[in-house]
Ligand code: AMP
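Form predicted on its own, single chain, as structure tokens, below.
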Amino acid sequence: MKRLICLFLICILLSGCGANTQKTLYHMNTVMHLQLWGKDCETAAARCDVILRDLESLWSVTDANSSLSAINRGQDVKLDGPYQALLNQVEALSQRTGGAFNPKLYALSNAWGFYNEEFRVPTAEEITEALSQEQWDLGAALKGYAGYRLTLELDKLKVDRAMLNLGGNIQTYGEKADGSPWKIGIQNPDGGDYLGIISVTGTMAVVTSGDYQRYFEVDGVRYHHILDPETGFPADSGLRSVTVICDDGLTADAFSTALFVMGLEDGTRFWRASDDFEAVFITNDGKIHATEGVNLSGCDYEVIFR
């Protein structure tokens, strides 16, 4: 089971917006909190539960009965159109990031013990072998995709708005009743108070990748779970966390990992060449850098301009 060090993004709801329905679930090895407002919110919460369970059964890399595990064993698996499209999208995002987001690192993550929690530092030979296997692992994409899928379901129902915390991946839906923005706290990588508040409006995904979420220590050295596809070791990019804000959850999830691997300089260059997301970087020295489109408050930060 994945060890969650903390839920790294917490939604901050203004008073006077009491949820019609609140539901706590456990899927994808993490706790998820759903808050929904509207006539069909009870029905919506139940449907969200089913969708999340179905996605997990299809794409869990640790479930031997999942479709993804079958694919990794080399079996011929026929996927429905939307699910084949998911793999195609994931491949495209990987190519777009130059491989910084790599959805085929299951063998590598397993070599480090991040799935069975038998943590260890693999040998150079083991890392080379693991990198050569290219086994699918959607751990850096599935929760983001799930947020997108749930918004499609909410579109079919009489749901006015929702705040979905999918194990730290935040997905908002609709506008708040009073017209104010959704407010989302950025976790301090060292713990304690939140470093700042991101405000978003409408249906948006806010996803963070950080070195504090899953890690282990050996001989005083910390090894986190965000692995660099080039070295096979935890990414040493000078960053503690990256938060991506985007209208597509899958893209936000993939890019938060990719930008963490890239580091601030290359991540900034990637953002400048793009037009579909914003980002907040926290560097090893605790400084915050935010792209110019981020609505960030409650902290001092350096603005990254185009």
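Residue numbers here begin at 1 and follow the sequence given. From a predicted model like this one, the values you see are computed outputs, not experimental measurements.
The same protein also exists as the form predicted together with this ligand; that form is not shown, yet it is the one meant from here on.
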| query | finding |
| --- | --- |
| Partner-facing stretch of 155-163, 72-80, 180-188, 219-227, counted where any non-hydrogen atom is within 4.5 angstroms of this ligand in the predicted bound form | 219-227 |
| 4.5 angstroms heavy atom contact with this ligand in the predicted bound form for Arg96 | no |
| Interface membership of Ser109, this ligand in the predicted bound form, 4.5 Å heavy atom rule | yes |
| Tyr115: touches this ligand in the predicted bound form, heavy atom cutoff 4.5 angstroms | yes |
| Partner proximity in the predicted bound form: Thr257 to this ligand, non-hydrogen atom cutoff 4.5 Å | yes |
| Heavy atom within 4.5 Å of this ligand in the predicted bound form - the one residue of Leu105, Leu195, Leu150, Leu86 that qualifies | Leu105 |
| Heavy atom distance at most 4.5 Å to this ligand in the predicted bound form, all of Phe101, Gly139 and Ser209 | yes |
| Residues within 4.5 Å of this ligand in the predicted bound form, restricted to 201-218 and counted by heavy atom | Ser209, Gln213, Arg214 |
